[in-house]
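Only one chain is given next, in structure tokens, and it is the form predicted on its own.
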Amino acid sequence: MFPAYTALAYLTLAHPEAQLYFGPGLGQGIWRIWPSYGASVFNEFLDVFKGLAKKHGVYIVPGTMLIPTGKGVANTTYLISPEGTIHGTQQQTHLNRDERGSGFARGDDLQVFATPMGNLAFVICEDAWYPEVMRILTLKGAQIIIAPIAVPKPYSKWHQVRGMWQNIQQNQVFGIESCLTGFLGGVEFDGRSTIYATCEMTPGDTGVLSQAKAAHMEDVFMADLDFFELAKTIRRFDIFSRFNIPLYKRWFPHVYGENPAQ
């Protein structure tokens, strides 16, 4: 998997004259170039990863792309199958102040995708810091949560911990977080990409299976996801039996319905 805005980086490299920068006007900039060459560059970007997925027989998440919608641009991720097809898509559902100011539009649905590896789901950027998102996905059967992330510099270990790390522990699933590093759209990004599991499954009870060497540089790494060991963890401490599902059913739709800007 690749970090958030990978496709935006591809677009800005292919067409630097578009002058796409984070902040007010980014959404309008995407809309402006989309009819002339934005859509074609996006399709070309996807075709590259479709070809790689088919060639190597793997699932690929090629980061995210800003896609024009009726309400703005949606930060959207894609799951590409080993056959080279789009197996699923997910839009970011929660926006921070800067994203709203840049003309982002939020998605309003959370999907879980069945694969031979397990049930996959996504939390995109700001979504990783909202516990409701991962709890809803867990209740819908997700076993591996994939997080394309982009956080502006400076890097904060504790900001990262209160995102994916704590939500993985609270829901007893695997997590894969890919963080953008370097300059893009006038912003410098830092982040330490990580593969998570429950604390009981990791050396030193850290909750970390594998991690990038540093927050300021690119890295490539991997880890095995042991579902048998995860099942043992769940049997030892079955947090699922303690979920207050009647409360979720009563209040989640109400809260999100009353506060559509969240």
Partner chain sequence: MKALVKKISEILGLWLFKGFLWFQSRPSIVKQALAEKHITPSIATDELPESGRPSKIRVAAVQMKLELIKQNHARAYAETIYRLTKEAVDQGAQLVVFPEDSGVPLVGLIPGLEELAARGFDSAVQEVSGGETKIADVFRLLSPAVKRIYETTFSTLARSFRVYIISGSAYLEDVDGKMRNIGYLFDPDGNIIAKQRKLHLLPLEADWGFEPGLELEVLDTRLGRIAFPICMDATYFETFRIARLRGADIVVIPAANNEEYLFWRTMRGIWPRVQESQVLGVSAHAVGNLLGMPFTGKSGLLGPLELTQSEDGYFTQADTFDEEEVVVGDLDLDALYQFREENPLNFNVKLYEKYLPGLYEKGKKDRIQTNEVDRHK
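Positions refer to the first chain, counted from 1. Here, rigid core means the biggest group of C-alpha atoms that superpose within 1.5 Å across both forms. Just so you know, these numbers come straight off a predicted model, no measurement behind them.
The same protein has a further form, the form predicted together with the partner chain, not shown here; the description that follows concerns it.
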Exercise. Within 4.5 Å of the partner chain in the model of the complex: all of 136, 166 and 237, by heavy atom?
Worked result: yes
Exercise. So which stretch, 80-88, 97-105, 185-193, 144-152, is the one near the partner chain in the model of the complex (non-hydrogen atoms, 4.5 Å)?
Worked result: 97-105
Exercise. So which of 52, 217, 39, 199 gets a non-hydrogen atom within 4.5 Å of the partner chain in the model of the complex?
Worked result: 199
Exercise. Does the partner chain come within 4.5 Å of any heavy atom of residue 13 in the model of the complex?
Worked result: no
Problem set entry | 4.5 Å heavy atom contact, residue 206 and the partner chain in the model of the complex | yes
Exercise. Taking heavy atoms only, is residue 21 within 4.5 angstroms of the partner chain in the model of the complex?
Worked result: no
For this session: Consider residue 173 of the chain shown here, and say whether it contacts the partner chain in the model of the complex, taking contact as heavy atoms within 4.5 Å.
Result: yes
Exercise. Within 236-252, which residues come within 4.5 Å of the partner chain in the model of the complex, counting heavy atoms only?
Worked result: 237, 238, 239, 240, 241, 242, 243, 244, 245, 246, 247, 248, 249, 250, 251, 252
Exercise. Is residue 245 one of the residues whose C-alpha moves 2 Å or more between the shown form and the other one after the core fit?
Worked result: yes
